[in-house]
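Shown here is one chain on its own, the form predicted alone, set out as structure tokens.
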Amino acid sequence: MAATLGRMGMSARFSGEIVQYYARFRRGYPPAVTDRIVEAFGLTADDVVLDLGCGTGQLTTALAGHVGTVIGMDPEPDMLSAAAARTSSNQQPILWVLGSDRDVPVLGRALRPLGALTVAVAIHWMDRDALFRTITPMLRPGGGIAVITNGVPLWLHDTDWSRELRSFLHAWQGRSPSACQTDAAGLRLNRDALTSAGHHVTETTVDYAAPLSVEDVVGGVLSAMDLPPEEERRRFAAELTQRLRAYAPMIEDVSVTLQLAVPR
């Protein structure tokens, strides 16, 4: 589910009802993902981590148990409200901040050196080159950057149910749905920008299988598109549900790619 599918293009604004789908249906991260980030940068309870483009906090909350403070930063107020609601009943060391990659220099002047910058599934919305150059002097010795690609979109798996979904979306949009830079070309853009910013990059994957209901798939797709009007949205969901019912229960093979970078 690591992508954004716009009805008229790659321009979904993450606000309003789409945030509800995002918070409910976007998958989180297995412990192995956070463990590898912690190990790569030697993160401890003394560290501050900036999770940029945090959305509704799937990675932010997973990191919170490993460091002193996690700053979840996102340009969409509704995303941050949903993220804060998820953690309102506990004492996790998280600070939710409204801002984008363009605000990182200002934030950096107010912070002690960072143990890590993490960017999960949102890097394709950012200026990679400027961000990685800006963040490098803000890192403490041994700190680094983790770019996490949380698998490929639901519609790009080599399975019968995914091909059915891909066919449905193609008919609905009138074009093939995008990989949203979760593919090899997108990973190369990240790697090249990190290398250009003076970093040594290692790549590792965490693979697991996730069961999916029809509701999970429909909700996941709705979390990744510019939502049509309510009546059309109901028709979209009903037609897609009917198309996928024959394939349930479904399994998604997820390969999370971590690009872990430290200054050379």
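Note that residue numbering follows the sequence shown and begins at 1. As the structure is a computational prediction, the values presented were derived from the model and not from experiment.
Form predicted in complex with a small molecule: not shown, discussed below.
*Asks:* In the predicted complex, which of the stretches 119-127, 136-144, 162-170, 184-192 has residues with heavy atoms within 4.5 Å of the small molecule?
*Replies:* Result of the contact check: 119-127.
*Asks:* Consider residue 49 of the chain shown here, and say whether it contacts the small molecule in the predicted complex, taking contact as heavy atoms within 4.5 Å.
*Replies:* Answer no; every heavy atom of residue 49 is more than 4.5 Å from the small molecule in the predicted complex.
*Asks:* Do residue 29 and the small molecule share at least one heavy atom pair within 4.5 Å in the predicted complex?
*Replies:* Contact check for residue 29: yes, within 4.5 Å of the small molecule in the predicted complex.
*Asks:* Is there a heavy atom of residue 79 lying 4.5 Å or less from a heavy atom of the small molecule in the predicted complex?
*Replies:* Contact with the small molecule, yes.
*Asks:* When the contact criterion is heavy atoms within 4.5 Å, does residue 58 count as touching the small molecule in the predicted complex?
*Replies:* Yes, residue 58 sits close enough to the small molecule in the predicted complex that at least one of its heavy atoms falls within 4.5 Å.
*Asks:* At 4.5 angstroms, heavy atoms only, are 22, 53 and 101 all close to the small molecule in the predicted complex?
*Replies:* Contact check passed for all of 22, 53 and 101.
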